[in-house]
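Just the one chain here, laid out as structure tokens, in the form predicted alone.
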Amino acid sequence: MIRFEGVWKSFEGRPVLKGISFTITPGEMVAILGKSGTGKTVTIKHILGLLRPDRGRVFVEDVDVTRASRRTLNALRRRFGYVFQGAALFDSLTVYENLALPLKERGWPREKRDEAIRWALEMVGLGGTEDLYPAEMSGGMRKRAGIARAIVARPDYLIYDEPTSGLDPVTADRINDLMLYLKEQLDVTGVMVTHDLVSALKVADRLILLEEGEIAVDIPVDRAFEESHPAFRAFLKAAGLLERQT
């Protein structure tokens, strides 16, 4: 469970989050939407304790992230898998070596690492690619490898940062299918930051729209086309989804 309680955050006197409150329940996938600069990434950083709020509190289960020690935060972060927008693979390392990094950090022995890496690559459809370098892979393959690295240590929570950014529509849909598959197979609690409403509607259970630092919309996915908030309707229209409903 992840819970925000009246979180405020400003930078150089400019408010970015204005008292937001929401709860993500165990096993739920929530997509956080919004235009650039509305606080999506800032929200994610609060979950991981990378930022502390000016006011309010953030909890992950029974851990008060806003008051936790460095040691507690480090232990908590190991329970998260993070999928970076650009995959963030090290070009000088093979796929195997990229996936091994978080496992070495945890002190896993070689045999256990090998088993975990084979499992993660099979889960994302990249079995047998251990010896490839990122430059030898397509954009979609690199994205899958980034997801494999995020799940290799069997996290309790997954955070996706713009998971379909920079991908063509066909490849993006394959990544959506993969995220949906992992959601069903791993039973993790997930947060997706995205501009891609098509992706959010396919993968998430719930949609949160941030508008000028506040939560404008917080709805289950199956109510998306009933929502009347102008900012949310603008997202639907920009994605070409309103036309599909008529």
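Start at 1 and count along the sequence shown; that's the residue number. Quantities reported herein were computed from a predicted structural model and do not represent experimental measurements.
Absent from the display: the form predicted in complex with a small molecule. The rest refers to it.
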In the predicted bound form, segment of 200-208, 178-186, 30-38, 65-73 with a heavy atom within 4.5 Å of the small molecule: 30-38
Among the candidates Val42, Val217, Leu48, Val221, the residue which, in the predicted bound form, approaches the small molecule to within 4.5 Å (heavy atoms): Val42
Residue contact check: Glu130 to the small molecule in the predicted bound form, 4.5 Å heavy atom: no
Close approach of Gln85 to the small molecule in the predicted bound form, 4.5 Å, heavy atom: yes
Non-hydrogen atom contact Phe225 with the small molecule in the predicted bound form at 4.5 angstroms: no
Contact test in the predicted bound form: Asp156 vs the small molecule, heavy atoms, 4.5 Å: no
